[in-house]
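Next up: just one chain, as structure tokens, the form predicted alone.
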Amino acid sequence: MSDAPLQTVTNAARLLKAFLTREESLGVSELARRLGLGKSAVHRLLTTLAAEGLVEQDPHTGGYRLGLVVFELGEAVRVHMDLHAAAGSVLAHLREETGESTQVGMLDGHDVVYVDRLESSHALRLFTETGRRVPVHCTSSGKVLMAFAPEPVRERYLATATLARHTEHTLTDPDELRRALATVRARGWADAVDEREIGVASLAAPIRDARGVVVAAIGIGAPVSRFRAIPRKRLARTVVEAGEAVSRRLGWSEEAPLLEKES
């Protein structure tokens, strides 16, 4: 593999870091001087970064400043860090209360990414490592996150996603999944039994931020035999309460309006 593309990425990263001085804007010449690069190279980098929204040009001065996408990335990092701090003890309490593995998932395109997870102490337990990606349509966390996503995001997903059949219980028809997501929105939680893997079940509920936007899902996963031994309504109430506990730590209150995340 050529080192040239990697050097370009390095220079782009260095260029973005140059704006950490918090100056209102920086011109091509000044950036070239600070980075020790030619003006033409800096101009090419700025043009590419501007096309991606990472920098923007001041129409009055011609200088450059960080773009809104950088702010959005920073917000994503902040939410993740805040979420980790808010969910830690609640995940542990939920594991103690249910005896099962607990997890927090976030939506990423057509997948759910588990950003926090605690394993059950049972000898027979599920092994799903933090960072693993799983499909939306056959997981309880995925159903929660898509059910509470903005309608345009949800409809785009239903129109474009490949609803792969993993078991005979997987929902693969978009209309059937749409109805299932409506049920999730109405009752406030989702379950998935034998949908991604035979013998595996899960139940999840939403986590909201201070604005009332659903930013993650908290849930439990267990072998079907143990999952069915717990009354479903009681388990749902326990998981919903855990979601509300994390949400309150993120600044949400029950009096706050429930908003959809902007699409």
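The first residue of the sequence shown is number 1, and the count goes up from there. The structure displayed is predicted, hence computed values, not measured ones. Think of the rigid core as the biggest set of C-alphas that the two forms share within 1.5 Å after superposition.
In what follows, reference is made to the form predicted in complex with the DNA, a form of this protein that is not presented.
Participant: Does any heavy atom of Arg34 come within 4.5 Å of a heavy atom of the DNA in the model of the complex?
Facilitator: No, no contact at 4.5 Å.
Participant: Though only this chain appears here, would Tyr64 touch the DNA in the model of the complex if you measure heavy atom gaps against 4.5 Å?
Facilitator: Yes - in the model of the complex, heavy atoms of Tyr64 and the DNA come within 4.5 Å of each other.
Participant: Would you classify Ala41 as touching the DNA in the model of the complex, given a 4.5 Å non-hydrogen atom cut-off?
Facilitator: Ala41: contacts the DNA in the model of the complex.
Participant: Looking at the partner-bound form in the model of the complex, is Ser225 within 4.5 Å of the DNA by any heavy atom?
Facilitator: No, no contact at 4.5 Å.
Participant: Pick the stretch from 195-203, 56-64, 213-221, 226-234 whose residues have a heavy atom within 4.5 Å of the DNA in the model of the complex.
Facilitator: It is 56-64 that comes within 4.5 Å of the partner.
Participant: Give a yes or no on whether every one of Thr8, Asn11 and Ser29 sits within 4.5 angstroms of the DNA in the model of the complex by heavy atom.
Facilitator: Yes, the whole trio is in contact, each within 4.5 Å by some heavy atom.
Participant: Between 212-242 and the DNA in the model of the complex, list the residues on our side with a heavy atom within 4.5 Å.
Facilitator: Contacts from 212-242: none.
Participant: Inspect the rigid-core superposition and answer whether the C-alpha of Arg226 shifts by 2 angstroms or more between this form and the one not shown.
Facilitator: Shift of 2 Å or more: no.
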